[in-house]
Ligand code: PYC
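Below you will find one chain, with nothing else, as structure tokens; this is the form predicted on its own, and questions on how it binds or moves follow later.
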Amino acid sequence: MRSTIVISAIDTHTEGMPTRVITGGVGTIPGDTMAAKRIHFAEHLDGLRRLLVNEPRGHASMSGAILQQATTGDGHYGVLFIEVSGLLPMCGHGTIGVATALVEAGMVPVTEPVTEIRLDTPAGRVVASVAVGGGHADSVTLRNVPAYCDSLDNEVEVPGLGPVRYDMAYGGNFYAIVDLGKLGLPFDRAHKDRILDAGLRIMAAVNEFRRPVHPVDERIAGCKHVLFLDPASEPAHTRHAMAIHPGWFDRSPCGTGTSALLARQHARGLLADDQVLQNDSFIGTTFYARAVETTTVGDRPAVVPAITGRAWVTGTANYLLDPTDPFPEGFVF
């Protein structure tokens, strides 16, 4: 077999959502922080992301994580998160997939009953505590970056939908949180195309009229996620459909989205200080979240979320690029 590149990967899924964990073949990406590496990759190496997540090697809902050397003295690895929409500052389901892959492959020292993995991400340090039994990664509790509620009770005029009320929260990415019932749409996967269309319209309107910007790092900005709450949700047990740019649903309950929702629930006084939030995905899988600490992000009150979920290894692979391949960066169909 001939190939201009050989990219090694461990494929996983986290509660239904894939993460292609890239373990070799990329080399060291320039930058002294993961945030700087993210910018360099986006500007100079983005064809590699497209090769790995687009068809024919990936698909329209593909996610991945590229391992790098840690950029801090005590970190185990650095991680860049890739998906069809670009490079994310942080990805919760991806981090759970990474931690599971690292334990299952013996790429970190494994201890039972818990293995702690310190990861550097573009959004900051996250810590994954992996519950290990018999050498198997049974679940992961992710101590995420601080999450905060950006604003409550916003309203934006959305073409085709009229005025839409939403809350904006941050959990590693920005999320517009919308009550699906107020749009007159049922929480039903049979109506997923209508829900997704509404999500893309809301994203576009929010980014045009009130684009969110992180108060500490202005490179983290814009809304690419709309979290549609099932109107039957309760404060401590929510269900949602997560619409994501450029046009797909998160299959997992979404780690950074669950973090943002946790911050929003606390900002609205819907959860007690240490109360656990059960957050279910559109396909019925679950993450559990609680605030383990209070802090601030800039001048904003914030919580430090701990998110618990599960991931499974689905395969290992070497991805190749034959020099005659007509799709050197894959394609979007």
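Keep in mind the model is a prediction, meaning the values are calculated, not measured. The first residue of the shown sequence is 1; numbering continues from there.
Although it is not shown, the form predicted together with pyrrole-2-carboxylate is what the next lines describe.
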Whether 11, 102 and 104 all lie within 4.5 angstroms of pyrrole-2-carboxylate in the model of the complex by heavy atom:
no
Partner-facing stretch of 185 to 193, 92 to 100, 162 to 170, 130 to 138, counted where any non-hydrogen atom is within 4.5 angstroms of pyrrole-2-carboxylate in the model of the complex
92 to 100
Contact label in the model of the complex: residue 88 to pyrrole-2-carboxylate, heavy atom within 4.5 Å:
yes
is_contact(residue 83, pyrrole-2-carboxylate) in the model of the complex, heavy atom dist at most 4.5 Å:
yes
Verify the contact flag for residue 120: yes if a non-hydrogen atom of it lies within 4.5 Å of a non-hydrogen atom of pyrrole-2-carboxylate in the model of the complex, no if not.
no
Contact test in the model of the complex: residue 149 vs pyrrole-2-carboxylate, heavy atoms, 4.5 Å
no
Residues in 175 to 189 close to pyrrole-2-carboxylate in the model of the complex, defined by a heavy atom within 4.5 Å, in order
175
